[in-house]
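As structure tokens, one chain now follows by itself in the form predicted alone.
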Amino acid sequence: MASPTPPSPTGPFRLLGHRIPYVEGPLKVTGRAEYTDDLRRPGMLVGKLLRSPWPHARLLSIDTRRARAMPGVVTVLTGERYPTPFGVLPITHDETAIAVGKARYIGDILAAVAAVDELTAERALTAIEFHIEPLPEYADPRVGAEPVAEPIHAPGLRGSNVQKEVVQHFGDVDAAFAQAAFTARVRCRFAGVTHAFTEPLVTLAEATPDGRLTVYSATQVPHYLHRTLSEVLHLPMHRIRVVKPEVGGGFGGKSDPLPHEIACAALSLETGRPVKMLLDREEIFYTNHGRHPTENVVRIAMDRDGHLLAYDIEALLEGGAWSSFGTVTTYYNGVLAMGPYRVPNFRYRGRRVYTNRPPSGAMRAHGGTNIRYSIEVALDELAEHAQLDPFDLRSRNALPPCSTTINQFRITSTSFLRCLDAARRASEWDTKFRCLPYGRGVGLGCGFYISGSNSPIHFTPVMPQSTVHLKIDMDGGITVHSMQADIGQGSNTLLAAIVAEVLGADLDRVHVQRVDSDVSPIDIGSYSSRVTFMMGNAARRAAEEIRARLVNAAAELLRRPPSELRVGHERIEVADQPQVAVSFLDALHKAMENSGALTASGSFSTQKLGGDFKGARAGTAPAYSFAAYVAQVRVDSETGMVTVEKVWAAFDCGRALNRLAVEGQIEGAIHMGLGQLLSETMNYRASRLMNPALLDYKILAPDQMPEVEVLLVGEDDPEGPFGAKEAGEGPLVATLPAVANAIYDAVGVRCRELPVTPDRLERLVRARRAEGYAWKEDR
């Protein structure tokens, strides 16, 4: 394995803070890494799903006799066999593995087949017959927000399809607006976008004669899948084993227990044979759980000196057919507006509405992305009204460290002002803003995101949010067990590096075992940017326990008190006489004399944060990341084509423990953000998705990716592991407004509907010209 970049002489750590190649990198680049679809089992059957062609229909009868009689078909399941509802949030269990009573969207699962091969399974699906009663179709959340004749689920608010409504008010918003010198109002519409991860959704389930069920799946949340399998299949958790092989990307799209996983496991239980279910790309679009289509309205009040007085926000979210993470997302669309600025008065009303479309859920920086766009665009409008530079307005209102927002978010560390300063200087903002020729522009966008949700989804039984187990035997290898889900973001590498750093060991001594619920301690998964902070603290504590035992053993060998010793590289040495030392292995073998293998467990749980009002825990986190991005663009006003030339990304993730991974996360987040801004959209005709394929869903091509200059400026967070905070989701949110504000600087039009496709932008520019409007055209 390649060695990490040698540390600088002034760095405080041997490994952490430098560029560490991914420990699984050699396996992945040589094709030897094992993903779920690589797995095979003797006698394995193929599972296939029949999906609804109707957006909303009552299922009167289902006839599976012809399908069951076909040679090679082993079993056919419909919803009545396993009807228990489930969902990732315990307060909204409204999904079923297979539809029960109703089809709720085009793509809803109506039946599952297990057969000896794929062709037989597909033929069996065509032999299933249905009698249905068509029901009213609800594709527009504005219609569903009013009373409806046939609710998609049990009647929501006032007989409507509203799944969740959030109303919060702090301070006196109306009085703040009454005294404001400047106000801005921005209404924006955002199309739904999906994760477009590389690896398809795939599950392999194997029920064995000993009464156990093993499920291998591409998932971000092995523990939540474990719970849900137990609930729906009515098996105790100890009889279920969940294994997560390598995962080829998730971005939130694999952070729910998903219906196909339950259906696949049910097929295996029914047949007593292994069953694999691999979804094609069209099915993945129907599974979705992507970013909510949203319409929001943001009003901001500011005084004459450029100090923010109030936010007044409304958001209407299209939830699709299921709840998923929707309750959390509805809160986040309001509360995550609170940073990175001081806002003394705040009002929010958010509604999430069921529709007969694929379910929306958690997608990278869910809840924070769309609202951040509207706020940052509104702030630029205010800066223009007040004749303030956008940087000056933001720095004037920056949240200070060790402060509390009006809705009682606790801010520990923040290097937001340093982010602003770094982005301003690196981009040469003062020589470019409003100074570049027509068609060229720069724009600023800022960000704020959580480092892990402070509250676990399940509150009972009470348990740590992350636990890490270590074992070292006589061979000197360090085995690490954790249920944190590496989905390509490099968390296994970070886990290994933290353990190696604490113990002074070479990185190649550390072996991170893949997630297996039989041997991995509980960690609640890879979502909400929680892994580095929570897993990192748990791993550090476990390693420190082992380190203390090694130091005590070395003290016996050296006949020195432990207080005089320190851990060096592959040795334990006397602090003021480093030439006096024992090797790592000698200390290990001495420590093992009476106990055998050394084992330790480290865990992490957050303290109680937030207030006592309804929804107070939503958005609370042990720390927050901050960002300031400057984008430079070129706009062809005749065609509406936007070229993003460069992005200067100043980001505060505390101490970057693996700079290679953090830089990669920021670059990837910028690519994803640009896709949502410029091209990606799930196109519908009423409830029918018209582009469920990567050929028609327009992700940015590699040659459309701008140059990115990453500026890591964070100071250590006092509670993060070695000072670290998140760098997974937060790097996305500043991207969209930075480019939108740069487009305004280039051609003088504000973009209120995303994506900003060339035809939309060309129409905006043409309409402004028709009004006699000129923008920088004399330069």
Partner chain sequence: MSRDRPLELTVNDQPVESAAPEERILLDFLREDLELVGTKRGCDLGTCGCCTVWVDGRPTLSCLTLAHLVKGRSVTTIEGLAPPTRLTALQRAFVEHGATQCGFCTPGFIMTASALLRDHPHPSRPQILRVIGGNLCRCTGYTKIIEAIEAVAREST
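Numbering follows the first chain given and starts at 1. All values derive from a computational prediction rather than experimental measurement.
There is another form of the same protein, the form predicted together with the partner chain; it is not shown, and what comes next is about it.
Asks: I'd like to check something about G248: if you look in the model of the complex, is any of its heavy atoms closer than or equal to 4.5 Å to a heavy atom of the partner chain?
Replies: Judged by the heavy-atom cut-off of 4.5 Å, G248 is in contact with the partner chain in the model of the complex.
Asks: Would R40 show up as a contact with the partner chain in the model of the complex if we use heavy atoms at 4.5 Å?
Replies: Yes - in the model of the complex, heavy atoms of R40 and the partner chain come within 4.5 Å of each other.
Asks: With a 4.5 Å heavy atom cut-off, would you call R227 a contact of the partner chain in the model of the complex?
Replies: No, R227 is distant from the partner.
Asks: Spell out, yes or no, whether the shortest heavy atom distance between E667 and the partner chain in the model of the complex is within 4.5 Å.
Replies: Yes, E667 lies within 4.5 Å of the partner chain in the model of the complex.
Asks: Using heavy atoms only and a 4.5 Å cut-off, decide whether all three of K28, E199 and M363 touch the partner chain in the model of the complex.
Replies: Yes, each of K28, E199 and M363 comes within 4.5 Å of the partner chain in the model of the complex.
Asks: Exactly one of T194, S482, N356, T75 has a non-hydrogen atom within 4.5 Å of the partner chain in the model of the complex; which residue is it?
Replies: None of the others qualify; the residue that does is T194.
Asks: So the partner chain isn't shown here. In the model of the complex, which residue out of L204, M672, A99, A500 has a non-hydrogen atom within 4.5 Å of it?
Replies: Looking at L204, M672, A99, A500 one by one, just M672 meets the 4.5 Å heavy-atom criterion.
Asks: Taking the partner as it appears in the model of the complex, which of 616-624, 159-167, 394-402, 692-700 has residues with heavy atoms within 4.5 Å of the partner chain?
Replies: Residues of 692-700 come within 4.5 Å of the partner.
Asks: Note that the partner chain is not shown here; using its position in the model of the complex, name the residues of 486-506 with a heavy atom within 4.5 Å of it, in sequence order.
Replies: Residues within 4.5 Å: I487, G488.
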